[in-house]
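Only one chain comes next, encoded as C-alpha cells, the form predicted on its own.
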Amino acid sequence: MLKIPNKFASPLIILLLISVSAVAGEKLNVVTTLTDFADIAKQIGGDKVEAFAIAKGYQDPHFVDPKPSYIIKLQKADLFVHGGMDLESGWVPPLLEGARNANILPGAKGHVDASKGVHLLEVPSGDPAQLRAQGDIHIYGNPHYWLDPVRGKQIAENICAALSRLQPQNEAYFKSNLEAFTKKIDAKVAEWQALMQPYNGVKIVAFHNSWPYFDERFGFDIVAFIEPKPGIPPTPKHLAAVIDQMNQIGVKVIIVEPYYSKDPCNLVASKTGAKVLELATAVDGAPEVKSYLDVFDYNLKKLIAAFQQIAEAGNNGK
C-alpha cells in the first residue's frame, strides 16, 4: 500500500475534497433538439444544468439546418436529448457525427431518446419503404408526443434518470424537482380539461398531423387536414374537398403550425367562414410561450376563445 507522509496528507486530502466538491458543483451541459426538452431539462436539473435547444420553437423540427455552431455545442455536451422516432433523422446524425463526442452517442450515459416509455399513437404497420412513399410517414408512430402534457411527465422521467446517471451525488435533488414538475402538470391538466370540457367533440381542421396527442388529451375532433398527406402540399382538388367537407358539417376552426404557409388555410377559411388559428408546437413557438406549460396555456386559450365566438354566432361545430 502506498504510504503518504504525514506532512503531505492534510494538503492532499484538502485537494481531493476541493476536487470532489468542484465535480459535484459543476453544471452539466445539456443539448436538446427541441425547446420543450430544454425547458423540461431546466426544470428537472435546476441550477445543476445549462440547457441549449438546437431547433427554435418557431422552426419545423423535421427540417433544421445543421450549422457548425451546433456541432461545437454537441462537442461540449454532457447530455443530448432528442425526440427519436425519426423526427430529426435529417439533421441529427450529421451533427453527432461531426461532434465526435462518444459520451452522447446512442447507448452512452449522456444520450436520451425522450420517447422511451411513451405510449405512442398512429404506429403504422406494413413495409417501411411503401409507408414513406405515402408522404412524411413516421414508421415508428406519430412523433409529436410532447404535445400531450401527461406524456411530458415521461419525458421528464427520462431526463431525470439521465441526469442522475451523470451526477449521482445530485440524484435526490433531481428527483425532488421531478416530483414538483409532475405535481404541477397534474394540477394544470385537471384545470385545462375542465376548461375544455364544454367543447368536447368540437370538430376542427388542421394543416399538418401534429396534433393527435393534443387532440386526445383535450377532447376536440380533427376531421381533416389541409395537407392531403403529411409533408405533401395541398392541391386545388384536395382543398375543394376539404372546403366541401367543412361546409357540410359546419367546421369553423383551422389550426396551423407557425412554420407552415397560411395561404392554403386562409383560402379555405374564405370559403367556409372558419377562423385560422396559429398554435405553438413548442416553447418559443409564439412570443408569449416561454415554458413547456405555456405551450398548453397559450393553445387552449386561443382555441377556447375561438370556440366561444363560434358558439355565440350559433354554430358550435359539433
Partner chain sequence: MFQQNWRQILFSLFSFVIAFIPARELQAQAPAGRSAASLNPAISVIGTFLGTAASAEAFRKNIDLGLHEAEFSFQAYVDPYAKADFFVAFGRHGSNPLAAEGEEGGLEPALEEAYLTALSLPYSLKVKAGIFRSAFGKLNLSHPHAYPFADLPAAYVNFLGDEGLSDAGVSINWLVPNPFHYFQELTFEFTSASAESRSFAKAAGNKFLYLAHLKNFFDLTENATLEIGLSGAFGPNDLDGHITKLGGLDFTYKWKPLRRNRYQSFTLMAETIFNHRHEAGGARVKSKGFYGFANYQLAKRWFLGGRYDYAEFPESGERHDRAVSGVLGFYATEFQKFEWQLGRIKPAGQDGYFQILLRGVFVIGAHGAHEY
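Just so it is clear, the model here is predicted, and its values are computed rather than measured. Numbering follows the first chain given and starts at 1.
One more form of this protein should be noted, the form predicted together with the partner chain, which is absent from this view; the next part is about it.
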Answer for Gln245 alone: is it within 4.5 Å of the partner chain in the model of the complex, judged on heavy atom distances?
no
Check Tyr58 for me: does it contact the partner chain in the model of the complex (non-hydrogen atoms, 4.5 angstroms)?
yes
With a cut-off of 4.5 Å between heavy atoms, is Glu179 one of the residues that contacts the partner chain in the model of the complex?
no
Under a 4.5 Å heavy atom criterion, is Gly98 part of the interface with the partner chain in the model of the complex?
yes
Give a yes or no on whether every one of Val123, Pro149 and Gln154 sits within 4.5 angstroms of the partner chain in the model of the complex by heavy atom.
no
Name the residue from Lys271, Lys290, Lys27, Lys262 that puts a heavy atom within 4.5 Å of the partner chain in the model of the complex.
Lys262
Please pick, from Met196, Ile222, Ile71, Ala241, the one residue with any non-hydrogen atom lying within 4.5 angstroms of the partner chain in the model of the complex.
Ile71
Looking at 213 to 221, 185 to 193, 102 to 110, 154 to 162, which one sits within 4.5 Å of the partner chain in the model of the complex if you count heavy atoms only?
102 to 110
Let me know which residues along 222 to 253 have a heavy atom within 4.5 Å of the partner chain in the model of the complex, or say none if there are none.
Gly231, Ile232, Pro233
